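Only one chain is given next, in structure tokens, and it is the form predicted on its own.
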């Protein structure tokens, strides 16, 4: 029985689906790597269709320095502390991957105009924990865990930074990294005493750009790690091999009793499904395989590069983006062993199927997505990482990124791009910028974990 209380988030995924519609979006926008010497910033976008400023940036919070490379971000609190009335979903932790600075942004005092509350300097983090390159931010009750992709010198495997609710550095979260070679994303399911983590590469490898030869030299990940969550140490590693080249975003079912989860392997363009069998052992299988596509200007067929996945709050649909191909897909995963493709739309990409959408030339491909709690609206942005953008989509320097909204049919499956919503980051006041991850004030489909 769900507890009735007044902490942040929701008592259950079903309750989250009944939450009010999101009216504001917080989205990362970067100038790092664009040639424009301006700070990266957090922009607030009006998502209320009844508002006169609908589909527009209504405020911009610049970071104090230049060159942070803002990337992912996360809340100080989520449904994991729903029963703690002293906690509030008020602050976004906005890390700079390159600077290792953590920007604590107050989104609660005035949600339409976030302000900078505090900065945890990257130099302090490196000095006290020997960690750098912050990526995924998750709240755990009243505390915060952040995956750090490198040591202070940018070498793998990095580790996990642990902050208390006042944003003080506790130290490293993990007791051991075991034999883990690389870090990236993570998600946990406390009722199974498990955390799963994935692998990108050392910061010194991925920051300059992508070199295919380095995959062959084993400088990019191909393993998935299952942790003993209470002991804070890895327990089992799954070698995914050629089916799991560069496994990035990991997602458990939102249902806290479920052991099913998924990871998108970017370079091999596969979806890997894992679960706990009746004997209590973890198993995995490949359930989606996106074919490479020939291209006249490429010496090899182009891989899809699955840059992101997420699950709807009812665990029925899985969404993925093929950043190089240019399509967003919706799969019905009611049977997680047998996904069914139910929707597909195109924006940008190298295959030329949708070069212009809603009057905006889309440079880049669908890269980051965020789904509304009711599962009906999917917000999509186009930038992956500055140096990779410049390599695969060089025109993004002058055209900037964009955000679109996809309407999702939650009854029958299906997707279509909304004709009335577009944010063109090529027209920002300081010049073309690029957009990455998005959050909503009331929580979203990649923030909240139930314990």
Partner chain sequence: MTKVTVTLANRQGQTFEVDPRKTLLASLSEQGVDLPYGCKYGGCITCAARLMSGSVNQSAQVALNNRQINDGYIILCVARPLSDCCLEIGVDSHGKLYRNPFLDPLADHELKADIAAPMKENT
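Computed from a predicted model, the values in this text were never measured in an experiment. Positions refer to the first chain, counted from 1.
FYI, the form predicted in complex with the partner chain isn't displayed, but the following is about it.
- Taking a 4.5 Å heavy atom cutoff to the partner chain in the model of the complex, the contact residue among 203, 326, 261, 244 is 203.
- This chain lacks the partner; the member of 310, 194, 120, 152 within 4.5 angstroms of the partner chain in the model of the complex by a non-hydrogen atom is 152.
- For the three residues 126, 213 and 391, a heavy atom within 4.5 Å of the partner chain turns up in the model of the complex in every case.
- Remark: of stretches 299-307, 354-362, 170-178, 106-114, the one touching the partner chain in the model of the complex is 299-307 (heavy atom within 4.5 Å).
- By the criterion of a heavy atom within 4.5 Å, residue 217 is counted among the residues contacting the partner chain in the model of the complex.
- Although the partner is absent here, residue 76 lies well away from the partner chain in the model of the complex, with no heavy atom inside 4.5 Å.
- For the chain shown alone, residue 37 is a contact residue for the partner chain in the model of the complex, at least one non-hydrogen atom being within 4.5 angstroms.
- Interface membership of residue 66, defined by any non-hydrogen atom within 4.5 Å of the partner chain in the model of the complex, is confirmed.
- Residues of 165-196 that come within 4.5 Å of the partner chain in the model of the complex, judged by any heavy atom, do not exist; none qualify.
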